[in-house]
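Next up, structure tokens for two forms of one chain, structure 1 and then structure 2.
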Structure 1
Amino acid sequence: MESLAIGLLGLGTVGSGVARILHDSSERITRRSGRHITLKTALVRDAEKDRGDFVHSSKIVTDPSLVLNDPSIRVVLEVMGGLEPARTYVLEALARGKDVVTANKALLAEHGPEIVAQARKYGRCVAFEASVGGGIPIVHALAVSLAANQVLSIAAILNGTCNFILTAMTRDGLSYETALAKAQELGYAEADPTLDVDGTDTAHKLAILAQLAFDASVTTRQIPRVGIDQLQSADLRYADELGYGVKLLALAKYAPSGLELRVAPTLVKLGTPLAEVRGPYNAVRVVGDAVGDTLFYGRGAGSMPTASAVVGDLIDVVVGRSKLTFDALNLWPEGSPAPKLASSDGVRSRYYLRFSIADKPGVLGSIADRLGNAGISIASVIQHDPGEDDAKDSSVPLVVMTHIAVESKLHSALAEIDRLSGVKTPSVCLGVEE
């Protein structure tokens, strides 16, 4: 059987998982790819670090040209992360006739058009299953299996770190800081975890899904996003009291008038599938016009689940399936029109609102008036006695659940409410996904 050499750019959490699968499952991979795949070279920053038993130290290099300029290396797996030098290395690998597998969603979300144009120019392909949802085959599902559908909506938990933190805070009573440190220790977080907790990583993934599901070339900056770093633990508790969990959701809703995209901590009804997704697991609910409701679930982060997707892509590249799909998809086509995005006048949802108000008569009434004037109907209200969460200025929390409301009207009403003298701090507003 013919051999095929590959090179790894990066041998960290994901790269070491890839090396492990290639080592432990080489017989199966050979059988399924029809080639004997050999890991020839792995690029790292620090050649002195202990890399375990799966890659011989003679294969570990710090000079990128030993991967990029080696004509025997046919496929490059980019699992180093970040924008530069990953972008330069990927462009270089493609120009030198190598196919590329990448787990790097930031790179695709920011430089997708340039990278796919380079692949097309040199007749190569780029495979990126691991870039969204870790081990969940959602890229293949949207690109191939659901290709007959107009996707109508996507509601997804796409960041394992954030879901791990939210689960650890609500189920295990950990503080935000301890939970984040644990997620980093377990290899779920990005090198810069701000990207996880501020919603940027989820927005990167949503930009990729938008390309696959809606042919929409959106930039990360076009996706409104709020992270879990803005969340307060009081809101997790009140949501629970109301029968909801809080998840960092990526939402996409298709309408002929415009595509609605957002990333935000969102209330989801306890007992529904998305609310039950715990720890580093991800889930993607896709509704298509033909297929109806579908749900994809699995580990969204971590060494082996992500490596499973990378090696699956590698096999696809080697047997030639990836190139067929890549060519047929025509991702980020040159000159594609700017996507038609929904304005906040077109966005409708139920909302969870929390106000910190002075404990005196009339304040609740004036808030209800402002909401009523904006056409926002209240579904339920809870008001607690002053408690430990409340400021030392005798304010009390007031939690309101609305019926379906128009986002732009709600925001105008909240701006007015926040100016009322009885309202002590800026209001909290979270969407509710039914």
Structure 2
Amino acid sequence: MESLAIGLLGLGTVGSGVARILHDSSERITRRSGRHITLKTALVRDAEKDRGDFVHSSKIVTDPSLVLNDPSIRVVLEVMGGLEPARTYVLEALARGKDVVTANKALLAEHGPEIVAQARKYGRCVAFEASVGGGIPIVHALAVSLAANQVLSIAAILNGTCNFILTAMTRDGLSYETALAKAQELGYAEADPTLDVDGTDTAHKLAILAQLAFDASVTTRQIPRVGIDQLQSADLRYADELGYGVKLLALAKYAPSGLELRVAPTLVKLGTPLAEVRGPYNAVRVVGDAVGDTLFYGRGAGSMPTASAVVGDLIDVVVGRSKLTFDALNLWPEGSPAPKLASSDGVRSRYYLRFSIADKPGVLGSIADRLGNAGISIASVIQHDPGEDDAKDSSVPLVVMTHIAVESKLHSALAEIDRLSGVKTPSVCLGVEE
């Protein structure tokens, strides 16, 4: 049987998982790919670091040219992450006639058009199932299985770190700081978790899904995003009292006014599938015009789930399926018009609002007047008696759930409300996903 040599860029968490699967499942991979796939070279930063038993030390190199310039290496797996030098290495690999498998969501979100154009120029393909949702096969689902559909909406939990933190805050009553520390201790969060908790990582993944589902070439900067780092425990408690959980959602909706995109903490009804996604798991809800409502669920990160997707892509590349799909999709086509994105005037949703107001007559009425003047009707209100802490500054929390409202009108009303003398702090506003 013919052999095929591959090169690995990165041998960290995901790369080690890839090496392990190639070692432990060699016979299965050979049977399903029709080739004996061998890992010839693995690029690392530190050649002295212990790499376990799955990669012989003779295959470990620190010089990228030993991977990129080796004519015997047919496929390069990029699992190093980050923008540089990953971008440079991937472009060079394609120019050298090698196909590429990548798990790098930031690279595709920021440089997808350039990467894809390079692949087309040299007649190669780029496979990237592992870039979104770890082991969840959402890329293949959108590109192939749901290709007959006009996708109408996507609502997704795409960051396991954030979902773990929110689960710990809700279920265990932990503060944000304590939940984050626990996530770091268990390896679910990086030492610097900024890109996770501020929504950037989720926005990278949403940009890729927008291209697959809506042919929309958007950058991360075009996606409004709010992370969980400013979320307060009180809002999780009030949401629960109202029958909702709070999740960091990536949202995309197809509407006549344009494509709605956002990343934000969002209320989801308890008992619905997204609300029940716990800990480090991810889930993607896709609604299509023909298939209806679908849900994809699984581990969205980690060594083995992500490596599973990488090796699955590798098999598809070797068999030839990836090249056919890549060419047919025509991702990030040159000269394509900018997508029509919905303005805040075209976005309609229900909203959760929380105010800290003076404990005196007339304040609630003033807030209701401002909302009413903007055409926003109130669905329900929570106002508890002030506790000891609240009594000290004579303020009480007021929680309002709205009916469907226009986003731009809501924000105008909130700006007025925040200027009222009886409102103690800026209001909190979270969307509601039904």
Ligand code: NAP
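Keep in mind it's a predicted model, so treat the numbers as computed, not measured. Residues are numbered by position in structure 1's sequence, first residue being 1. Here the rigid core means the biggest group of C-alpha atoms that line up within 1.5 Å when the two forms are laid on top of each other.
Form selected (criterion: the form predicted together with this ligand): Note: form predicted together with this ligand is structure 1; the other is not.
Threshold 2 Å Cα movement between the two structures at residue 271, rigid core reference: No; that C-alpha moves by less than 2 Å between the two structures.
Core-superposed C-alpha of residue 150 shifting 2 Å or more between the two structures: For residue 150, whose C-alpha is compared between the two structures after core superposition, the shift is less than 2 Å.
Did residue 284 shift 2 Å or more between the two structures, C-alpha, core superposed: It does not, since the residue 284 C-alpha is displaced less than 2 Å between the two structures after the core fit.
Shift in Å of the C-alpha at residue 176 between the two structures after core superposition: Once the two forms are fitted on their core, the shift reads 2.4 Å.
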